[in-house]
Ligand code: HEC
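The chain below stands alone, shown as structure tokens; this is the form predicted on its own.
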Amino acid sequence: MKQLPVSILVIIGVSLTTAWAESNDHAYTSESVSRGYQVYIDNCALCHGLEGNWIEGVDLSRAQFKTAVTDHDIKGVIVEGAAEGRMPRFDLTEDELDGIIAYIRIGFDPDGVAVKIGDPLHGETIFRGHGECSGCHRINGLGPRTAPDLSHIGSHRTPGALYRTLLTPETALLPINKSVILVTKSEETITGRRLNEDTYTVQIIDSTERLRSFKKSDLTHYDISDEPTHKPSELSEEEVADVIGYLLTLRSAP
């Protein structure tokens, strides 16, 4: 698995809170964009850059291609190669192809702000030390469950999303991770973090780290908070960059 380069500037990517977006000849889910981000980093970023604009005459972030127009055209370039071999062919699954198309179409934010990626080794030290991140987050089976598990966060969140989570958490909190307060008909009050919800039930991790499921018909009060679960980081700019560098190394196995 390729490692992200250290101390570079990247452009904020897609916010995965967007459920659907339409572009050109397909509709794309946030799950596809997330999958495509990993494929892009592993296979495309070395030549096209994290911003998608390193190749002369091509700017993936702004849908500027030399010959491709439709999604089918882009898939053809990826599968068959182009430019007399300068663009190699890639053997990807259909899910990977759909993901990379989704990421190319809506995964870039060319008008975003610059995000610095620092030293991942130092970032891990900060994460487990004075950054106080490991007091809430779990990684690879170690740590509490009161906040989202970060074991594969680098596969699911873009550098920009991680930056916003640290500096402006109110703009980056995924809806499913919002804090909740429940009151049952037996007058029990429970606080926790929402995990899953459907029309009739809700599942949470409560404040004592217990997985609990409730029927909504058994609740007298159900409040979802829009307040972020943590305050903006007080780390220095360099420390934030290092923590982001570390988080981006936490990826699913290829």
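Rigid core (definition): largest C-alpha set, two forms, superposition within 1.5 Å. Small disclaimer: the values here were computed from a predicted structure and weren't measured. Throughout, we count residues from 1 along the sequence that is shown.
The following text describes the form predicted together with heme C (HEC), which does not appear among the structures shown.
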Inset, instruction - Flag this candidate site as yes only if R105, I190 and I204 all have a heavy atom within 4.5 Å of heme C (HEC) in the model of the complex; otherwise mark no. - result: no
Inset, instruction - Would you kindly say which of P120, G99, G131, G160 lies with a heavy atom within 4.5 Å of heme C (HEC) in the model of the complex? - result: G131
Inset, instruction - With heme C (HEC) left out of view, choose which of L167, A82, V183, V180 has a non-hydrogen atom within 4.5 angstroms of it in the model of the complex. - result: A82
Inset, instruction - Using a 4.5 Å heavy atom cut-off, state whether T67 contacts heme C (HEC) in the model of the complex. - result: yes
Inset, instruction - Tell me, yes or no, whether R212 is in contact with heme C (HEC) in the model of the complex, where a contact means a heavy atom of each within 4.5 Å. - result: no
Legend entry - heme C (HEC) contact in the model of the complex: V58, any heavy atom under 4.5 Å: yes
Inset, instruction - Classify C44 as contacting or not contacting heme C (HEC) in the model of the complex by the rule of any non-hydrogen atom within 4.5 angstroms, answering yes or no. - result: yes
Legend entry - Any residue of 74-92 that, in the model of the complex, places a heavy atom within 4.5 Å of heme C (HEC): I74, V77, I78, A82, A83, R86, M87, P88, F90, L92
Legend entry - Core-aligned CA displacement of T93 at least 2 Å between this form and the one not shown: yes
Inset, instruction - Could you tell me whether the Cα atom of E170 shifts by at least 2 Å between this form and the one not shown after core superposition? - result: no
Inset, instruction - Would you tell me if H130 moves between this form and the one not shown by 2 Å or more at its C-alpha, with the rigid core held superposed? - result: no
Legend entry - Comparison of CA distance in the model of the complex with shown form for S151, C47, at least 3 Å: farther
Legend entry - Direction of C-alpha distance change in the model of the complex, D71 to S155 (at least 3 Å): closer
